[in-house]
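First come two forms of one protein chain, each written alone as structure tokens, so that there is a structure 1 and a structure 2.
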Structure 1
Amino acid sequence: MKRDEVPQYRNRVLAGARKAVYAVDENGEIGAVASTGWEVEEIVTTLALDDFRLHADEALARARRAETSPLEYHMYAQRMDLPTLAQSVGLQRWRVRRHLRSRTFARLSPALLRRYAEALGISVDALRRLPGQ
């Protein structure tokens, strides 16, 4: 990539930040250039974010019908999936999967609730509620 080919696309996910990318200048020297991003990066990062959002929206709809727990919604809302959440709280996956069910979740001990809340970076109170409740 030549220096003048370095994309300056104002990638929205970078929110104005610039990253360093390496490119070749007119003398053939390779060095770092600040870039506002590339369209390609915006597309693939947005895709990853949208996937979390989609999961969160689906979980929210089901949680409102009491078909799943608020925990499942908050997991996706904080950009986690089941394996990540399980590792973050230090529990086996099958236990976390059980805790995602609304009836099991309602009976969780305060200690476990605190661990989930801490891993997700929200308060216990927020963990038990859904947005808008």
Structure 2
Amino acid sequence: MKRDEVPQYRNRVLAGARKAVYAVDENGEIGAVASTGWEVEEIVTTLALDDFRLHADEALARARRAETSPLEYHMYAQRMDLPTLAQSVGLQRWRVRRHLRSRTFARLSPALLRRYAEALGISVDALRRLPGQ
């Protein structure tokens, strides 16, 4: 992509921020150019965010019925999926999936709760609670 072809769509998802996009200048050299995004990027990002919101809402309803743990809600609310969370806490997926069960989650050690809380960027108290509790 040439420098003057770098899209400047004003992607709402970026909220006014700019990001670096590599482009070729008139001398054929590659360099970073500030971009405010492009339409396709905004559409795809918005769809992905809507998907995470939907999963978080469904997990919240299940967690309120004690069918899953608050961990599942917080995972989706923080825009993570199971593989991402497992990688972030350094556990295998099957262990994280097991921790999504409300009974198993209630018995997790304080050290493991801290690892989850740190990966999700929230406190341990917030991890144990659901919104509105």
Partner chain sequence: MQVEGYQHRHAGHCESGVMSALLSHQGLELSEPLAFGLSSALVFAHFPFVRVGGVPLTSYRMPPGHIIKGLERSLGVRITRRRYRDPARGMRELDELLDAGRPVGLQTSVYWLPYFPPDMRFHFNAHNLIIFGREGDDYLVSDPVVEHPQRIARADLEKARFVRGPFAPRGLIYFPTDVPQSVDLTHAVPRAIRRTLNINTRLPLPVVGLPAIRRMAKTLREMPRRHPDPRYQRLYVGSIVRMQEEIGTGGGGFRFIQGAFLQQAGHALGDERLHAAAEAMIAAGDQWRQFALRGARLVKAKQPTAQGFAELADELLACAEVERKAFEALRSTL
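The first residue in the sequence of structure 1 is number 1, and each one after it adds one. Here the rigid core means the biggest group of C-alpha atoms that line up within 1.5 Å when the two forms are laid on top of each other. Predicted model, so just to flag it, every value in this text is computed and none were measured.
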- Query: Does structure 1 or structure 2 depict the form predicted together with the partner chain?
  - Reply: 1
- Message: With both forms fitted on the core, check whether the Cα of Gly121 differs by 2 Å or more between structures 1 and 2.
- Response: no
- Taking the rigid core as the frame, does Leu49 move its C-alpha by 2 Å or more between structures 1 and 2? no
- Rigid-body rotation of the smaller part between structures 1 and 2, in degrees: 24
- between structures 1 and 2, how far the Cα of Val6 shifts once the core is aligned, in Å: 8.0
- Message: Looking at Ala17, what is the CA displacement between structures 1 and 2 after core superposition, in angstrom?
- Response: 3.5
